[in-house]
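Next up: just one chain, as structure tokens, the form predicted on its own.
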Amino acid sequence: MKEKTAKPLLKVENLTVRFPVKRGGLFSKKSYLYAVDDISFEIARGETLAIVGESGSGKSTAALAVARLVKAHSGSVLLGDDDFLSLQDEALRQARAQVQFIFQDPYASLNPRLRAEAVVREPLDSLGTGDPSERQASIDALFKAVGLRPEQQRLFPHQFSGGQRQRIGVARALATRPELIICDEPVSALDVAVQAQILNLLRKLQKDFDLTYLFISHDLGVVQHMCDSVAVMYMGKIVEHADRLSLFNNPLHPYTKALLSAVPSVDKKRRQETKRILIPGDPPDPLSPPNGCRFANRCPAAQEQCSQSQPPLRQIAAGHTVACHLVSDNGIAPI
């Protein structure tokens, strides 16, 4: 893991996203679904933080809130010296150039009516960056950077393969020369062989353009090869956060252990040593979360205290935090 700079590029503090839900009749009391519930994390410049978890854990909603594509209920998102959530009008428009998104589905994220050249040009036009000749030079350079040929600029999205479409999405994200790129499951819709190509491309571009990534994924195999640090989410909460090596070599939270036990390995010895941990049952109702640990009803190690109070996220070792009553202060996991 690279040595962190004194000041992170992105610092998220107490971020909460809630959605109103009506139950019962017309005059029934409004309740809220807390998709993201008071989470905090930071990313050093040039590094990659992964947020992982099952579907419905809140990881994608957290990413969308950081980019202001969904509204945060509370919290702050500091991008350098600016609180990104409080910016308005022209200041927000200019700041958006520094935060770009690579979406999960390369088929749905591109306008089918625009040629590839126009898709990549859109961010430059919206910001009024450079004159037309300068924009064209930028587009030419971006197509080369993501491994597409110049003549492909005139093609429509349906004329590309899935991997090529995602390369167009990457080029579009790079167009404004952002500092932070949010990758929301960027390879989950692609074939395995193509996934490796796109991941290798993202790593190369990170080095070439000095990029910082917030990487959203449910696939810990992908995360292991992409990220410097990992935050594990469950039902809107971060339950464990550590650098990549610490998390994969010494997971502490039972939920993290269960996720890692499901990751396939080509290493025969590792397969034999890894005990598969099954997670029984279903998550609790997100509209009526339990008072205690949200994983307690599915945890094979749960005790009475787990259902009575919510465990705080506490530091066990340098850079390694976990929210579990049963993890000892010296880092002994319950399972």
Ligand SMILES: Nc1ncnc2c1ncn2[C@@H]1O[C@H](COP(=O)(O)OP(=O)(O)OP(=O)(O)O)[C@@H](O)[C@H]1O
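Note that residue numbering begins at 1 and tracks the sequence as displayed. Computed from a predicted model, the values in this text were never measured in an experiment.
Separately, the form predicted in complex with this ligand exists; it is not shown, and the next lines address it.
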With this ligand left out of view, choose which of Pro290, Pro283, Gly46, Gly56 has a non-hydrogen atom within 4.5 angstroms of it in the predicted bound form. Gly56
Using 4.5 Å between non-hydrogen atoms, is Ile39 touching this ligand in the predicted bound form? no
Partner proximity in the predicted bound form: Ala65 to this ligand, non-hydrogen atom cutoff 4.5 Å: no
Should Leu33 be classed as touching this ligand in the predicted bound form when contacts are defined as heavy atoms within 4.5 Å? yes
